[in-house]
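Form predicted on its own, single chain, as structure tokens, below.
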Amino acid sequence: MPEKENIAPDILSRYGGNPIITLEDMPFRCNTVFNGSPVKIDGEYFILLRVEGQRGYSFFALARSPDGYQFTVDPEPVMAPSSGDDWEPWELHGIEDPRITLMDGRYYVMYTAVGIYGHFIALAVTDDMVNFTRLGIVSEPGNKDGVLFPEKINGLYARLDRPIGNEVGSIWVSYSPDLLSWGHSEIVMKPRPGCWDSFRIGASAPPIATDHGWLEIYHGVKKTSAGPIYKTGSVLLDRENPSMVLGRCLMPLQSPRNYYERVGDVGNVVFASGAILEDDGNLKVYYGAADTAICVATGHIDEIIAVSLESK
């Protein structure tokens, strides 16, 4: 009898020690930790963590690692919702889902500010991953999943975001001369009816420059009778015109399969929130699992690009 071929269920391979950061790793009381944005600085790995406190709103903490797998969390949060100043109305209900981009020697953080007017994209900057300066609210209401491109495009700063229109969440690109005033928005891609990303999509990691175009790791959501399922995908965008899709994966890079991805505060979620491209071509994709823990999975960039070129 012929042996059964063992085909990996996902293109991204999970780290055997997942989850890498859980509630038990936190040095202070909180409810959950998830959706952390990674960056590598002088060989050291950092993750800016979204932490949900026991009062129900989110704030940011910092984790550090020598290898990208074994992390230690700083003893105190590094950024909390503002209070007692002009920012308080915008962040009254928390700050969520940070995304870090290195540009011109500084680390810019786009995050979701949740306040009395709803969800907005906000922008902050840091030079040490500990002290953050808020620069401004940079979107209209009902927008989130903002990620900043690591370089200007045709002389302008660029970002991907996810406004909601007619209850549909699509990925758009917008441009700015100064990082504060944004416009010239164009749609990049929409959910695909009948597919794993049929309900809602959003940018997950700052775009990565490749010879084939901008590689964007994104999340897609499908509605089911048992609730939404969050999966990870990839798309290639034109380097000079990011609204032009060069290729988009037909199958997801990763789906929720393990217990820690299926059971938690929000079940059936692998929510990619950042990626680090290593010198050997391996891409470390960090993701929130079930809105309860931080995990990492890897894949070679050549395979991810090949999968991304399957379809427009």
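Position 1 is the first residue in the sequence shown; the rest follow in order. It should be emphasised that the depicted structure is a prediction, and the values quoted were computed from it without experimental measurement.
This protein has a second form, the form predicted in complex with beta-D-mannopyranose (BMA), left out of what is shown; the following refers to that one.
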Would A61 count as touching beta-D-mannopyranose (BMA) in the predicted bound form under a 4.5 Å heavy atom rule? no
Give a yes or no for Y286: in the predicted bound form, does one of its heavy atoms lie within 4.5 Å of a heavy atom belonging to beta-D-mannopyranose (BMA)? no
Give a yes/no on whether R248 approaches beta-D-mannopyranose (BMA) to within 4.5 Å in the predicted bound form, heavy atoms considered. no
Verify the contact flag for Y230: yes if a non-hydrogen atom of it lies within 4.5 Å of a non-hydrogen atom of beta-D-mannopyranose (BMA) in the predicted bound form, no if not. yes
Residue among L48, V51, L253, V269 with a heavy atom within 4.5 Å of beta-D-mannopyranose (BMA) in the predicted bound form: V269
Could you tell me which stretch in 253 to 261, 33 to 41, 277 to 285, 62 to 70 has residues with non-hydrogen atoms within 4.5 Å of beta-D-mannopyranose (BMA) in the predicted bound form? 33 to 41
Counting only heavy atoms, which residues in 278 to 311 are within 4.5 Å of beta-D-mannopyranose (BMA) in the predicted bound form? D291
